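Below sits a lone chain in C-alpha cells, taken as the form predicted alone.
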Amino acid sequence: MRKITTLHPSDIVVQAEGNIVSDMDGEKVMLSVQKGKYYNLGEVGGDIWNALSKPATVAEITSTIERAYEVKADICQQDVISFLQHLLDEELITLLDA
C-alpha cells in the first residue's frame, strides 16, 4: 500500500477489510468496525462499492458506472474519483501498487 493524496485513473483500488455492508431500500449502508462510523453510500455509491469487490483501476470503475448510468465520461470520472477519494480518506478502500 502506498500513501497518495490524489487518485488517478490508472490507480488500482479495492475494498478494505473490516467493514459490514448491507442493502437498505436499494442503497448500501456500511459500518466501519474499526472507526465505529456508519456511512450511507447511496445507490450509485453502492454500485461503486460492488465494483470494488476485487482490485480494479479507477478507470475501470468509472467505465462501469458510465455504462450503468449513461453519464458523460468527464463528469463520471470526476464524480467517481471524488467518491473514491472520500472512501480512501476514510480508509474504506485500499490503494494497491500497480
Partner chain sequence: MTNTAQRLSYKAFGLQINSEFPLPELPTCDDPGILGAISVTREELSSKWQEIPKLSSHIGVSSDHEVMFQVPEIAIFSIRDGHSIVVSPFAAADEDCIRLYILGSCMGVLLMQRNILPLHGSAIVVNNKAYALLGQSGAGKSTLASYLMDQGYYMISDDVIPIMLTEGVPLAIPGYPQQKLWEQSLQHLGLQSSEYRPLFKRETKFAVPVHNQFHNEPLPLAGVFELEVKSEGSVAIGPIQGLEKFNTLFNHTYQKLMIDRMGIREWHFSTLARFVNRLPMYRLSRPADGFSAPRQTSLLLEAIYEGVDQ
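Numbering follows the first chain given and starts at 1. Keep in mind the model is a prediction, meaning the values are calculated, not measured.
One more form of this protein should be noted, the form predicted together with its partner chain, which is absent from this view; the next part is about it.
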query = For this chain shown on its own, do I65, Y69 and Q77 all sit within 4.5 Å of its partner chain in the model of the complex, going by heavy atoms?
reply = no
remark   = Students should find that, of V29, V44, L52, A59, the residue having a non-hydrogen atom no more than 4.5 angstroms from its partner chain in the model of the complex is V29
query = Wondering, does D89 line up within 4.5 Å of its partner chain in the model of the complex on heavy atoms?
reply = no
request  = Give a yes/no on whether A16 approaches its partner chain to within 4.5 Å in the model of the complex, heavy atoms considered.
outcome  = no
ask   = Does I81 reach its partner chain in the model of the complex, with heavy atoms at most 4.5 Å apart?
value = no
request  = With heavy atoms only and a cut-off of 4.5 Å, decide whether V21 touches its partner chain in the model of the complex.
outcome  = yes
task = Select from 37 to 68 the residues with a non-hydrogen atom within 4.5 Å of its partner chain in the model of the complex and write them out in sequence order.
result = Y38, Y39, N40
